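First come two forms of one protein chain, each written alone as structure tokens, so that there is a structure 1 and a structure 2.
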Structure 1
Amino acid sequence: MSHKVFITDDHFMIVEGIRSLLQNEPGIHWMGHAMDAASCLEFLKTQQPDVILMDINLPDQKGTALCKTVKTLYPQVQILGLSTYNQQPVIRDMLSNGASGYLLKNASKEELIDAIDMVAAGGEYLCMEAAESLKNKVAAKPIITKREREILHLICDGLTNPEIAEKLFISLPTANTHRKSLLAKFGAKNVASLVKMAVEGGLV
């Protein structure tokens, strides 16, 4: 049984390079490509691949946002993030928005096919660089002050900024500043993410 593969990337040389690697490969059915998010979504209205190789930077939308949209509309479609970046926040963002794997654009033909096979079968695939990046970042806990740790505990207990300010006898702007600092240090988008990271990191 062959895997239907589609690529969304705005770099023609990348598209052509991957197409040349895969189009005659047994077990791979090359469905074509889109150069931006809008074209990808238009294509998906009429037919769906098993796997989309998706660039994280597209001209009209971030790949992470497109990934989330595709997984919402077509949950059966598996997505492999494709990038030249192996920074942890980028990888984590792609995975948290529904991607089943992450691959660097310098991957070999063998690794590309392995990754497609794995995610098409419902598994997950991280290239070695991405896995190392995630592991290193998880191991490095953010350095926070004693006061920030106090505030982190109160945030995890569900207290609002005014309640934190009252409890610790600090001004509301100071409480706001501490909360923003914690979000920035953890690289968290919101309080829910902050709490999750603090619990996973054993800080509360």
Structure 2
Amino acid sequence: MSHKVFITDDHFMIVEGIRSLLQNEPGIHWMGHAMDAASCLEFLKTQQPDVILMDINLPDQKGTALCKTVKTLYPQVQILGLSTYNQQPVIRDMLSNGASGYLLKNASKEELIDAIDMVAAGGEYLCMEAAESLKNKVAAKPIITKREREILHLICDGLTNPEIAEKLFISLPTANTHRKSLLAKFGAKNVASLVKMAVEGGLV
């Protein structure tokens, strides 16, 4: 039986590469592509593929958000995350938002087809690098509140406690409290490592 495959990626060259790889492949039915989240959802209104290859970084929406939306509206559609580089927190997010697998863009043709077959059959597929990095780092992104995220942004922009307090119309001790809960939640011993984690975790 033939798997219907759709791709959502704003990188034209990637789309073209995958199309070229898959279009003459028996067992794969190429449905087309979307360059952003909106067109992807538009497409899904009329047709549902078996598998969507989905980029992490889309122009109008985060891949993780789109992933969640799609899985809510069309639970039977399997999603395979696609990304250029190995980014643990994002992989984690994708999987927890319903993706069935994750693939790096330097994967071979065989790996790509394997992955599609696996997730179309209801299984899971993680490329070696992703699996490796999920094992090694237990660095789960902590759950922070809306206010804390605000403070985190300002800290990353180099604002001090007094400046944050002034900007948000709160007292200095309050700003300090938020800063300290951020440090505690991230397990960081100072702003330096906090900022590094935040930037690398894509929170900024």
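All figures in this text were calculated on a predicted structure; none of them were measured in a lab. Rigid core (definition): largest C-alpha set, two forms, superposition within 1.5 Å. All residue numbers here refer to structure 1's sequence, counted from 1.
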Checklist outcome for this item: Lone-chain pair; form predicted together with the DNA identified as structure 2
Checklist entry - Does G17 show a Cα shift reaching 2 Å between structure 1 and structure 2 after rigid-core superposition? => result no
Checklist entry - Rigid core fitted, then: does A198 show a CA shift of 2 angstroms or greater between structure 1 and structure 2? => result yes
Next on the checklist: Taking the rigid core as the reference frame, tell me whether C156 has a CA displacement of 2 angstroms or more between structure 1 and structure 2.
Outcome noted: yes
Next on the checklist: Using a rigid core fit, what is the CA shift at R147 between structure 1 and structure 2, in angstrom?
Outcome noted: 23.0
